[in-house]
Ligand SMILES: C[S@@+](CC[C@H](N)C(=O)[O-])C[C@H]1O[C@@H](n2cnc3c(N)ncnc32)[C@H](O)[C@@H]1O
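Here's a solo chain for you in structure tokens, the form predicted alone.
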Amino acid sequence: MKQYSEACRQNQDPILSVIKPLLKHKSHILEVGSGTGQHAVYFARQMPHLHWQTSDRPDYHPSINAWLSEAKLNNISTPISLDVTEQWPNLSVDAIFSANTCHIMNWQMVECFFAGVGQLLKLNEDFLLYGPFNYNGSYTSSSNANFDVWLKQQNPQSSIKHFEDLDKLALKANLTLVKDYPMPANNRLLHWRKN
């Protein structure tokens, strides 16, 4: 049941270096799309002051639970079912984190995702989104262009999304961009704040 992602292992330290200072004064975070469960366990262990709420569609829960069971951390919760296109659970969190999710989603799902984030977060709370993004209508690297081809072969509705389109969705959800962090392997970490 326990799944492993090499990409998670490779990006966990670069992501941590950015999000740890941003989450220093936070207490409860929702991870949208916890996937294997690796990120949740790693980040919860590195930030013991923070309660980490995992979430994903039910078919991902066995792997997330396997990672949580092995880690035995008291600041992480078993996954809740979350489909961004459906009713979001009523949670009390002061930040939302998501990694490598937007390029898997179709555009309607991304629209629902940002709307849900905007509804859940309160004033001055933070949304942190990690992944590959296009800028000015272009890929940032040939590797991202190749990755996009591969994504569309898996699912024609999957694709690397354009930063400018995401920022428009953020503004509709009353989220303002605080900073766009360059990350290794042609990825970015986008930080929006609810206003």
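All residue numbers refer to positions in the sequence shown, first residue = 1. All of these numbers come straight from a predicted model, not from anything done at the bench.
Another form, the form predicted together with the ligand, is not on view; read the next lines as being about it.
Engineer: Please run the contact check for Tyr60 against the ligand in the model of the complex: heavy atoms, 4.5 angstroms, yes or no?
Structural biologist: Tyr60 belongs to the contact set for the ligand.
Engineer: Is Asp56 close enough to the ligand in the model of the complex to count, meaning some heavy atom within 4.5 Å?
Structural biologist: Asp56: yes, in contact with the ligand in the model of the complex.
Engineer: Can you check whether Leu82 is within 4.5 Å of the ligand in the model of the complex, heavy atom basis?
Structural biologist: Yes, Leu82 is a contact residue.
Engineer: Is Ala71 close enough to touch the ligand in the model of the complex, meaning at least one heavy atom pair within 4.5 Å?
Structural biologist: So Ala71 does not count as contacting the ligand.
Engineer: Okay, which stretch from 28-36, 134-142, 45-53, 164-172 lines the ligand in the model of the complex, with non-hydrogen atoms inside 4.5 Å?
Structural biologist: Of the options, only 28-36 has residues within 4.5 Å of the partner.
Engineer: Given a 4.5 Å distance limit between heavy atoms, list every residue of 92-110 close to the ligand in the model of the complex, or none if there are none.
Structural biologist: Read in sequence order, the residues that approach the ligand (within 4.5 Å, in the model of the complex) are Ala99, Asn100, Thr101, Ile104, Met105, Met109.
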